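Single chain ahead, by itself, as C-alpha cells, in the form predicted alone.
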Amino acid sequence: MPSRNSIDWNAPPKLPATHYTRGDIYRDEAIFEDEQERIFKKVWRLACHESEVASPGDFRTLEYAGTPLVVVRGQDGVIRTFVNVCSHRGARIVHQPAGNMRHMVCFFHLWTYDLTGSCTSIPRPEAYEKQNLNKDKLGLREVRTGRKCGLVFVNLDDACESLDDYIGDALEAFENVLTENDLEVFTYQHATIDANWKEWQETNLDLYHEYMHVALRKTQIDPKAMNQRELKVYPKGHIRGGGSGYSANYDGYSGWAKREDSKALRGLTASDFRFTHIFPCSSMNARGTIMRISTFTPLNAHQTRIEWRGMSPRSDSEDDWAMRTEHYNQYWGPFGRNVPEDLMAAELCEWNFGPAAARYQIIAREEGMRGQDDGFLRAFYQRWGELMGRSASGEGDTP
C-alpha cells in the first residue's frame, strides 16, 4: 500500500526499540526538565578554549543548565569557574561575554570577590556583626573545572567523576591537532534556533544527511569508498568519525581550490576530515587546514543556542590567517555551505514534531559501523536512555 492511514501512521515502526525514536522526546516539557537534572547538571561540558583565558584576569561567561557561569584565570595561573551570582542578593556579577578583570564587583551593593572566588570586601560590614555574618564564609560557589588538550570543561556536579575518566580515549583523533599547533580562537559565532537540542545534535550524528549538502555531494561523498569509512563509539556516548576513509576533494566544487598539504594543521593532511562528539553537547571538527570546536546549550524544550569557535595556529602569518578564514567560511561561516542548511534541517523537524504530525523517527541504517551507519544516533540515544531512565522509543516506559 503506497500510503498509510492514521492508524498505520501512528503505530510504532516494526523495528527494534533501539532503531527509532518517539516524537514526544523532542517536545515534552517534563522530559526537558528531566534532562536538565539527569544529564546537563551531571556531565562535563566544554566551556571554552584555554586561549580565551590566556592571561591572569581573562574571563569568559556562559550559561549552562539554567546556571550563569564565569570562567576566569587567576593571578596564580589556575583556571577556575564560578556560578556568576553574588552571595548577597543573587545579582549577576560579571555581565560582559569576555574580557579581563582584577576582581569581581557586584554592581548592586559593591560586594567584591577576588579571582579565587573569595569575598574580599563588603561595604560597612559592621552592621552584619550581630548576625556573625563574616565575609570569609561568603565566597562564590566554585564549579568543577578540568582541562584536556587545551579545552576547558566544567561540571555542575561536585561529586562527578574526573574529566579524564569521563572523556576516556574519545579525543584520540584530535590530541595531536590540539596539542601540536599552539591553537587559538580566531573566529566566533553563535545562533539560537527554534528546535529541541536533540534535533540539532542529530544533524551532527546523522551521516546520511551528507546528501542534503551540495558541497558535500561534490567534494566528499564517494559511494565506492563508503566501506572504508570507520566509525567508532566510545563509552558514555562519545563518538568519532574520520581518521580512516574520510577525505575531501575541495577542487570538486566550482570556485574552490585544492588545499595544500603544506598548510595543513600538524597531525592532518589537507584533505583529512575528522569529527568527534563528546556527549552530550560538545564537538570538534577538522578539515585539513582548519578546525572548529562547538557547543550548544538547550534553552528550553524548543530552542537551542549554538556556539562555534574557529581555531588556527597562533603563529600564522597574515596570509595564512586569511587562507584559514576563507577555508573556514566556505563550510562553517554564517554564509557557508553547511551550517545554514543544518540549522534549517533541525527547525524543519521541530515544526513537524511540535504539532505531532511526525510521530516517530527511524534510525535503522546498518552498515557494520562504516559508511553512513546510524550507529552514532543509536549510541547517543542509548546513553540518553541510561541517564534518563527511559527509552527514546517509548518502548517499555511506564505510562
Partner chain sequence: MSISRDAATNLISAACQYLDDEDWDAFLNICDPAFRYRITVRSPEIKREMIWFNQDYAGLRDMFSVIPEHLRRLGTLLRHVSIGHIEHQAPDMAQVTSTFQCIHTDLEGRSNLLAVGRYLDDVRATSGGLRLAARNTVLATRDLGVGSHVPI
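Remember, predicted model here, so these are calculated numbers, not experimental data. Numbering follows the first chain given and starts at 1.
The protein also exists as the form predicted in complex with the partner chain; that form is not presented, and the subsequent description refers to it.
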{"item": "Answer option from 168, 74, 97, 125, heavy atom within 4.5 Å of the partner chain in the model of the complex", "value": "97"}
{"item": "Interface residue in the model of the complex among 325, 294, 271, 203, criterion: non-hydrogen atom within 4.5 angstroms of the partner chain", "value": "325"}
{"item": "Non-hydrogen atom within 4.5 angstroms of the partner chain in the model of the complex for each of 190, 218 and 334", "value": "yes"}
{"item": "Segment assignment from 66-74, 33-41, 364-372, 338-346: heavy atom within 4.5 Å of the partner chain in the model of the complex", "value": "338-346"}
{"item": "4.5 Å heavy atom contact, residue 45 to the partner chain in the model of the complex", "value": "no"}
{"item": "Heavy atom of residue 50 within 4.5 Å of the partner chain in the model of the complex", "value": "no"}
{"item": "Touches the partner chain in the model of the complex: residue 262 (any heavy atom, 4.5 Å)", "value": "no"}
{"item": "Partner contact for residue 247 in the model of the complex: the partner chain, 4.5 angstroms, heavy atom", "value": "no"}
{"item": "Contacts with the partner chain in the model of the complex - residues in 239-253 whose heavy atoms fall within 4.5 Å", "value": "253"}
